[in-house]
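Next up: just one chain, as structure tokens, the form predicted alone.
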Amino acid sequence: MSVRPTSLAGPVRRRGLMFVLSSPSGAGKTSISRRLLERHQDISLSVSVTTRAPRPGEVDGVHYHFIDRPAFERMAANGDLLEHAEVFGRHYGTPRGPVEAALAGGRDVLFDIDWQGTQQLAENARDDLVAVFILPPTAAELERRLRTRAQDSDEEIARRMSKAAGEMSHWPEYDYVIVNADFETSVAQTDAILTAERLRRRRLIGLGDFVRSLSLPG
């Protein structure tokens, strides 16, 4: 994917990146995503489309774009989704237009998506992708967190727990893995990854010319 670089300092500029956080439901990716958005003004959240119903407190256009299945299928067929997947019988996808517009404007984009979506992003734009997988410290703690948030029925929690092992088996496909035993520590680790990836040499445009301009005679 072609993107316009972002200004850093002087003549050196940087391409935007796609920063992905994935985890089994309840392991903490959404909470960590929210904290990153609070701490960084220069990264925006990719708002997915979904066919599931809104949960209490969710706002259309902020947490998700809630659409029906025919509309979702039209977007997928027209190539308007960068990635899409079916999870627990509901469909999720990333609208192509807003993400490409953000990257073209030199801004980073944060993704709260699963391993299926991450695989598709890797196929489409691997050089711009930084993928982080969040693991729970124990299976018991994962179930406790699911129950604490009180958003799902016992049947739904059991289904999420049974699916978690399969989701976690995809950790080797990610660039980084964080065990979310302590939330603040996990946020700090995720923040450090984002900061380091923004400084990766291959993302810096004009660096060679800048260094040559620093060369002293003789």
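One-based numbering along the sequence shown. Note that this is a predicted model, so its numbers are computed, not measured.
Although it is not shown, the form predicted in complex with a small molecule is what the next lines describe.
Residues with any non-hydrogen atom within 4.5 angstroms of the small molecule in the model of the complex fall in just one of 136-144, 97-105, 110-118, 123-131: 110-118.
Note on contacts: among 55, 159, 69, 39, the single residue with a heavy atom within 4.5 Å of the small molecule in the model of the complex is 55.
Among heavy atoms of residue 44, none comes within 4.5 Å of the small molecule in the model of the complex. Within 4.5 Å of any heavy atom of the small molecule in the model of the complex lies no heavy atom of residue 75.
Contact between residue 176 and the small molecule in the model of the complex is not found at the 4.5 Å heavy atom cutoff.
Contact annotation: residue 48 falls within 4.5 Å of the small molecule in the model of the complex, judged by heavy atom distances.
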